[in-house]
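Just the one chain here, the form predicted alone, laid out as structure tokens.
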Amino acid sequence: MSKLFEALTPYLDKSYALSSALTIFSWDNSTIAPKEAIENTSRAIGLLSGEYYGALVNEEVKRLLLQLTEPENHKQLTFEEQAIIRVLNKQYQQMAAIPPEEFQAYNALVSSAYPVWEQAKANNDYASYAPVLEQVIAYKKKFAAYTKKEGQPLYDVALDDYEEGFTVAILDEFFSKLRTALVPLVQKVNEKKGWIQTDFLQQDYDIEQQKSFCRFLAEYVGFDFNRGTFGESEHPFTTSLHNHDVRITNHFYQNRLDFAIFSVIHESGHALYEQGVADEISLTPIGCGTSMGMHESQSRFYENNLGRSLAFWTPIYAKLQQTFPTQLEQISLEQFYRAVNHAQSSLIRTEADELTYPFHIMIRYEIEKEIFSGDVSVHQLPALWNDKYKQYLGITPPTDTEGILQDMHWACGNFGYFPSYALGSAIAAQIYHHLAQVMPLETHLKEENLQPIRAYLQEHIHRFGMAKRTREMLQEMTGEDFCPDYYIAYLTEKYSKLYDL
């Protein structure tokens, strides 16, 4: 380690410690914290955020970064240290552009916005949520303007926080390609309503038994409970302090077995990524997933490409039947497989099937573009949301709870995040195609042997954290840059077969 990098280490350590404290508060607020705690807790979060800001944005860190980016000093760093400087330098530039009092106020705001959203969703009360959402949007647009380059769309700045290098121009082309290929397929599938039986998934399923089976599923795909834990939240999510403390949540419905099952597989995919980060970089600024698109590729790969396949359920479906004999004893594996893959336009993104899912993302992407271009007010958003659902999926939400209030992301300030879900699905399909070429993927699944799959992903993706970028890892692993054609081919083949098209 160079002396210059060593001098930077105390600042990295302090920022990591403060970031971990903020992560624990966030986890707590979403899971077990009492409802009336948030007002006082948000003050603590604001103060900690200010300390975090100061740990990274100061004259000494600025001086060290300038020196460490000089060619002569930079080449003396290890590969991992160079990656840390790259990531830290970007983070510094973004944070330094924001006045510290605004940074602190914003973090206090979003910590209090989540419970406001949660309550508004429960009460179908968008009006109570709109003022805080308006404040969050104002901050996000202001912060983006601080670092916006000349001629750059404001929304590109937000996108870059989650998927570096994927601009509005690239995403417009990506979504256009999906629309062209998938709209006709969705229309044909919608015409075959009732083709697949699904009613048995909506029976009465004991929640405690659901929890037990979901724990089995998490362990089955590889989640290590010695280095992770489970919680419950309104919206399932994954968070991480480091690779030995990764936390996932789930949500359970008495009459929706499939929701909990596929949520836990999805979140376990995220968690495997975080648990797979190399020990050497886990406590550093690169000790997490390289981008939200790559992160979503891992969760969508496990949830859909593997978890909704017939081969995945072949060795374990009997266990599910034994857990719920009354509901599933007479339901064959083939019937179950078809049911969990049925497609139909629906309102709720997290419950959407693979085929219609990207349209839920397109809707949010197009709304976010309008928000950042200044073409729509907060009070116009519910109507805009409903119009786009009618346009793309042919359905209109009867309530805001089933419409614009369904996602927590905007309350958390995560604008630019949603496109990563569609990118992740496309990357997952590309990885799935590649793995089928380099290993007997279906045989491994049928033999209850997911270890080779985990090991391959850990070797080529997980261990690097943010040391390598998404497209760089794809190129090195598959020999190709990002290519959505595999996603389109995967969906077309799968649903044409399921619906006999």
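Note that residue numbering begins at 1 and tracks the sequence as displayed. Nothing here was measured: the structure is a model prediction, and the numbers come from that model.
Just so you know, the form predicted in complex with another copy of the chain exists too; it's not on screen, but the next bit is about it.
Proximity of residue 24 to another copy of the chain in the predicted complex: non-hydrogen atoms within 4.5 Å are present. Taking the partner from the other structure, another copy of the chain in the predicted complex has a heavy atom within 4.5 Å of a heavy atom of residue 229. For the chain shown alone, residue 443 is not a contact residue for another copy of the chain in the predicted complex, no non-hydrogen atom being within 4.5 angstroms.
At a distance threshold of 4.5 angstroms between non-hydrogen atoms, residue 258 is out of contact with another copy of the chain in the predicted complex. When you look in the predicted complex, the only residue of 455, 66, 44, 439 with a non-hydrogen atom within 4.5 Å of another copy of the chain is 44. The contact residue chosen from 241, 196, 201, 376 relative to another copy of the chain in the predicted complex is 241, the criterion being a non-hydrogen atom within 4.5 angstroms.
Note on the interface: of 402-410, 140-148, 243-251, 317-325, the segment with non-hydrogen atoms within 4.5 angstroms of another copy of the chain in the predicted complex is 243-251.
Using a 4.5 Å heavy atom cutoff, 28, 36 and 225 all lie near another copy of the chain in the predicted complex.
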